[in-house]
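Shown below, as structure tokens, is a lone chain in the form predicted alone; questions about how it binds or moves come after it.
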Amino acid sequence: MTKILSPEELEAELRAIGAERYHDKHPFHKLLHGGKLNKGQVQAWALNRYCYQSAVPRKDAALMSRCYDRELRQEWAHRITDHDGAPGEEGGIERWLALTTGLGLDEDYVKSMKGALPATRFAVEAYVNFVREKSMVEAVASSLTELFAPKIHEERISGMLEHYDFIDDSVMQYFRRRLTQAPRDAGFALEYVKQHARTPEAQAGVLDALRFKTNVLWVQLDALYLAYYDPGMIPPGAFVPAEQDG
């Protein structure tokens, strides 16, 4: 990039990346939301996604640990408690574990992440390292997949409740809470990026940061598709659905 985009042009470019690359377009998600997976395949998705959910507060703590902007730290801090919870207050990780338990998975096994796919673990840690190592505006920009999250959460709630008799509303609370949390967080991050990415280099960096994050989400679904759908190549040590669910 050699031209400085206006804030409005930068936002339009960011939204175009989501329109092209967000993982709601992945074939595995279409199978999940359309009721085309069996219980074991849904279990595999939830178990692997736990790796990502549990890494989010670590990612946010990494960002805050090197942030000299007090106002940014004040705004960002609630993201950690949103996921980790607080004394007497349930967080997103607990709500995700309610989903995996409701699907019949052992909580300690899920939390150990021993059954997660190698690609999942690599992608998640790549995201944490990206936020730890890149510029602050790039680190913030990598969170902007939240701009597109409410739509996928709505589709997930309606699709999974409609199509799977082993899913009920009690285990869908993670997604319901994110319907309000994600827009709030995305709105702040978007304004921060528009205000602080004011050179062609910085703007190119934030666009690449969002592309990177969409890749992090996409590759996790690639791995699930290959391992649990087609051709069904489950790597050694990864979760193997019970025969009755396969």
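Sequential numbering from 1, following the sequence displayed. Computed from a predicted model, the values in this text were never measured in an experiment.
Missing here is the form predicted in complex with another copy of the chain; even so, the following discussion is about that form.
Partner contact region in the model of the complex: 82 to 90, out of 82 to 90, 138 to 146, 152 to 160, 168 to 176, criterion any non-hydrogen atom within 4.5 Å of another copy of the chain. In summary, among the residues 186, 217, 202, 67, the only one with a non-hydrogen atom within 4.5 Å of another copy of the chain in the model of the complex is 67.
A single residue from the set 211, 58, 33, 39 has any heavy atom within 4.5 angstroms of another copy of the chain in the model of the complex; that residue is 58. Another copy of the chain is not drawn, but in the model of the complex it has no heavy atom within 4.5 Å of residue 134.
Heavy atoms of residue 74 reach within 4.5 Å of another copy of the chain in the model of the complex, making it an interface residue. Not displayed here, another copy of the chain is kept clear of residue 116 by more than 4.5 Å at the level of heavy atoms in the model of the complex. Among heavy atoms of residue 181, none comes within 4.5 Å of another copy of the chain in the model of the complex. No residue of the trio 106, 123 and 224 has any heavy atom within 4.5 Å of another copy of the chain in the model of the complex. No residues of 150 to 179 lie near another copy of the chain in the model of the complex, the criterion being any heavy atom within 4.5 Å.
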